[in-house]
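Okay, here we've got a single chain as structure tokens, the form predicted on its own, with questions on binding and movement later.
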């Protein structure tokens, strides 16, 4: 490719990143703005972060959202990873293709439709069995875990379907039982997909607005719901501080996750390189 072509690719890439990250940069910048003093210029300060710490309603909503995400995402990971591995390895059972196609429905279906469907489901169950008694944290956890499980299953299925089956076959030939093959071969190889699915389920649960609006009771307002309600009334600079903290936390979690995955890959490659000379020497 010519030098001009490389330059155009660089320009397009820079414009794409600017389009994506300029609004986030503005949020971070405005979060450090304080009240205007005698000069009439606000300057940089931690005023809105201090105001955020004094806002008990937002702090309660943030704790509730974090608890909801920490409860629903592990449940979604267990269910979704089990379904993804089963669909990738159990190839001959009736309805497999239909189940794979059904995984995409919660991902692409409108959230309004999903939220209303969950609301009708829980209302019908309460009318027939008396459970659950109203809307609250339990209904939110079930709904978020269900939505997250479909995402985890899709990610894990794509990961496991591309794995080399000769490793699992070799473990079975050496006498390993199916559960041992799953624990020692399949799950470690599928770990990046499982971890990615968990992060997606965690993020989906933490920032969900529509489904939570259908299923949250009056005392279970989540942070995204509080932010959405606040923005509808007027712009609150404390929201910039919340957005900055959320972006920083997500960046930290993603960075730690990628570092752990790279360290694990290097450790496995180093162990494999060290085992090869030993086998040759033996």
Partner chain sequence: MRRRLSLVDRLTIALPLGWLGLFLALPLVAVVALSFQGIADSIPPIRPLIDSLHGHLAVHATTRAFRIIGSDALYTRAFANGLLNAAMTTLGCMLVGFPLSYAMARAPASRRSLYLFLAILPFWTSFLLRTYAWMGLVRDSGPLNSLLMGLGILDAPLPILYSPAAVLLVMVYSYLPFFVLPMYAVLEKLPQDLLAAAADLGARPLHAFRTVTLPLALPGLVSGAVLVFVPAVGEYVIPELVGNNDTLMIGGILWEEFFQNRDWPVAAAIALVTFLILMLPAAALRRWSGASGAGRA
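Positions refer to the first chain, counted from 1. The model shown is predicted, which means the values in this text are computed figures rather than measured ones.
Below, we turn to the form predicted in complex with its partner chain, even though it does not appear here.
- Taking the partner from the other structure, its partner chain in the predicted complex has no heavy atom within 4.5 Å of any heavy atom of residue 173.
- In the predicted complex, its partner chain stays beyond 4.5 Å of every heavy atom belonging to residue 194.
- Mapping the unseen interface onto this chain, residue 124 counts among the residues with a heavy atom inside 4.5 Å of its partner chain in the predicted complex.
- The closest heavy atom approach of residue 70 to its partner chain in the predicted complex falls outside 4.5 Å.
- Proximity to its partner chain in the predicted complex, taken as a non-hydrogen atom within 4.5 angstroms, holds for one residue of 161, 137, 167, 182, which is 182.
- Taking its partner chain as positioned in the predicted complex, the residues of 57-95 that bring a heavy atom within 4.5 Å of it are, in sequence order, 75, 78, 79, 82, 83, 86, 90, 91, 92, 93, 94, 95.
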